[in-house]
Structures are given as structure tokens and as C-alpha cells.
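Only one chain comes next, encoded as C-alpha cells, the form predicted on its own.
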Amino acid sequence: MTERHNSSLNQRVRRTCSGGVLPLIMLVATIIAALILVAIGTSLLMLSNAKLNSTTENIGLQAAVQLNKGDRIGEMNAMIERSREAVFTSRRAYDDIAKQAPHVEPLARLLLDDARVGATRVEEERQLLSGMLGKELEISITSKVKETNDRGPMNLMLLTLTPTENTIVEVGSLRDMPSNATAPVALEQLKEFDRSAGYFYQKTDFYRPEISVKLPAPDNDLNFVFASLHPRIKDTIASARLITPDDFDGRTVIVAPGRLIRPRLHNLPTAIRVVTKTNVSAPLNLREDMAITTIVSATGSEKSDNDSD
């Protein structure tokens, strides 16, 4: 009788233990499954972010390479530098001739006027180049973004990436970067004037960018503005490269979400910020826009500060 009772009791205990462990096992399995799904989702998000980053970086770097294609910005800086020196030397020659040989003063005046007219035309060309570069960037980047969008959504297991047209393009320059234009070697008087006026970048002989580097009166009505551009150092030419937001000095937005702004650029752009947006959708109707930002600088100047021409 006692043995039968003990056997029945053991069976009830086993059933009770079995009934209590099963829900616990199911709970643990559910938690593990949820963690696995979270891990998969996180991995997919990281993968999609890397994919979008790579696409946006390629778009930005290709545009940055075209920005200073053929060293056109570097050559414009050199042209501005030489035009400025021509005005200075023409003014000095005119003043000397007017005092010492007044009979040829009209010829000296003609040469001075030609140098001043040339400086005005160089400034006009600089502004035209600024507008042309802005237009080229607008066309290049928007067409590449459209080409990417035309490929359609990209599926990554549980995620679907759908590119949008909400692209932002902003141009500017590389912060704390001088121009590639250097102080005149043979014009010590002009060099001393520029140094006293604070036109040189820190303690170098490179001119500060994006300011009007005026000449002494009466030629201080002319504008000479150099672009920020990495100078060529010996045989090293800076390549187009990614930069951080802290290194980017943004000036003008040329493309905004859904529309083209087409502003008038006052300075030659040498750096670009591109922001693209992609819609990320997941099961259960979960959607979120992922913004990818890439900032790149143009290639440096091919002209060395030691080159004579």
C-alpha cells in the first residue's frame, strides 16, 4: 500500500516538473529567437549602411576629381596672381615715368590701363568659372544619383532599400587650407605690403583664400580672390579624398530636396558635401529614411610654388 502511494506521488511530481519546465523552455527559446532576429537586423542595417556609404562616396569622389580637372582652379589662381603683379608693376612704372620722363607718360598710362582692364577680365573669368563648376556639379551628381535610383530597390533578406531623390549638394572649401598662389619672389615691396596687410596664410608665403587681396591705392578698387586649393609640394599632388565635417567649410547649397537652387557662386568651390537618402523598409510595415553624408575635397594644384611657369 505504501509502495503504491509513493509511486503515485512520484508520478505526480514528475508531471508537475515537466509542466513547469516546458513554458520556461519556450520562453528561453523565444528570447533566443528574438535576439537572433535583432542580431540579423543589426547586421543587415550595418551592411546596408556600408553599401549606401560606398555608393555616395563614389559619387562624391568622381565629382571632386572633375572639379579641378586639368588643374583649372590652380591655373586660375596663378592667373589672378600674375594679373595682380602686372597691375602693381605697371603702376610703379607709371609713377616713375611720370616723374622722370613725362614725355612718355601717355604710353605708361596705356600700359597701366591695359593691366587694370586685364585684372577686371580675369575677375570676370573667375566668376564665370565659379558658375560653370556649380553647373557641372549639379549635372554630374544629380545624373549619377538618378542612375543609381533607376536600378530600383535593393533587397537584403528582411530589408528593402529604396533610393529617394532627396539629395542635397553643398559646395565650399577645405577649412584651414591656403591657396596655391604664392608671394612674388622679385617684388619685395609688394610682398612686404601683403605681409603687413595679413594676406598670407599663417607664416607661409601662400595667400589666404576667399578674401579680396587688395593692392595699394589707387588700385585698391580691383578684386583679386584666390581659391582654397591644396598646393603642390615638390612632386606631391594631393588627390581627391574624403574629409571630416570639421574640415569642411560649407558655403552654398546648389541642390536641395526635390528642386535645383542654382545660386550664383561667389568663390571657386574646392570641396563638396553630398547627402543622399534611402528608404529602408522591413516586415510589419516598418519604414525609416537613412541619410548618408559624404564630404570630399578636390584634387590639389599641379603647379608647384617653385615652378616658374
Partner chain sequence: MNKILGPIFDFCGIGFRKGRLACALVFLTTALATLLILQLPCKSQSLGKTYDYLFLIETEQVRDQFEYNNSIIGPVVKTKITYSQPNNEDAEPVHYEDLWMHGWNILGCRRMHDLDLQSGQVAFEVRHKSGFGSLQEAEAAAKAALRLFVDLYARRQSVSVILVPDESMGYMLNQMPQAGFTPGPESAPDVPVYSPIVIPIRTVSGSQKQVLYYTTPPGSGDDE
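Residue numbers count along the first chain shown, from 1. Everything numeric in this text was worked out from a predicted model, so none of it was measured.
The same protein has a further form, the form predicted together with its partner chain, not shown here; the description that follows concerns it.
Only one of A197, I211, M79, I139 comes within 4.5 Å of its partner chain in the predicted bound form through a heavy atom, and that residue is M79. Screening I168, V225, V145, A183 for any heavy atom within 4.5 Å of its partner chain in the predicted bound form leaves a single hit, A183. With a 4.5 Å cutoff on heavy atoms, L128 counts as touching its partner chain in the predicted bound form. Interface membership of I237, defined by any non-hydrogen atom within 4.5 Å of its partner chain in the predicted bound form, is ruled out.
Proximity of Q100 to its partner chain in the predicted bound form falls within the 4.5 Å heavy atom cutoff. For P218, no non-hydrogen atom is located within 4.5 Å of its partner chain in the predicted bound form, even though that partner is not displayed.
Residues of 55-92 that come within 4.5 Å of its partner chain in the predicted bound form, judged by any heavy atom, are E75, M76, M79, E81, R82, S83, E85, A86, T89, S90, R92 in sequence order.
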